[in-house]
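First, one chain by itself: the form predicted on its own, in structure tokens.
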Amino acid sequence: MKFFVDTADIDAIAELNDLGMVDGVTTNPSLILKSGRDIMEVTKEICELVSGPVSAEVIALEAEDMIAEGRKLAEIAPNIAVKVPLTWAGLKACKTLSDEGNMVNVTLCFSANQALLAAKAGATFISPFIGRLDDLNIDGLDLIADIRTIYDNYGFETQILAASIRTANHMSECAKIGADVATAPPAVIKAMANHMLTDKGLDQFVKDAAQAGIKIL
């Protein structure tokens, strides 16, 4: 499973990228706002830092405006994936932009029917939002499984990009289900390394090494 980092924080992306933990980046207007930087400037910098897809989201609501914004975003770098919402206008924009050879990430997906429409429209990525479904007491992981079944049934090439990841457990469950990509905040990706038994074992090793007088350097 590929790891995309869900942030516009350049330092956080660089740290994970140096460890080989970044296959791509996803951004949205909320993350751009949090970064406090110009969307074109920060997106260009991210594209120069990572070689994989970088999702940059349109803000228009009408199809023609989305297409115009998507074309402008795509000019930033060849690894831009234009991000459009899963609305009827967004699907129209997806079809046009994908036909023009652009990567398109269709976001805000909350049902298998929506994911099926996005694949038919030529989406490169479909972004089902796990955490937001969980907030409504609906198991978001079930949606990932449903989309996986549908796409496998018909050989759709659209990649399942699990989004709204809240926990390290979400990451491992998405991998077991067969999501192609999971995008998560840097803190969640780092949390995947944590386990109380690892900490306990390491503490014991350190104590035993000190008692034995072991030195390596």
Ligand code: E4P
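All residue numbers are counted from 1 along the displayed sequence. Every value quoted in this text rests on a predicted model; they were computed, and no experiment measured them.
Absent from the display: the form predicted together with erythose-4-phosphate (E4P). The rest refers to it.
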erythose-4-phosphate (E4P) isn't shown here, but in the predicted bound form which of Ile46, Ala163, Ile160, Ala56 has a heavy atom within 4.5 Å of it?
-> Ala163
What stretch, of 22-30, 173-181, 150-158, 188-196, brings heavy atoms to within 4.5 Å of erythose-4-phosphate (E4P) in the predicted bound form?
-> 22-30
Though only this chain appears here, would Arg132 touch erythose-4-phosphate (E4P) in the predicted bound form if you measure heavy atom gaps against 4.5 Å?
-> yes
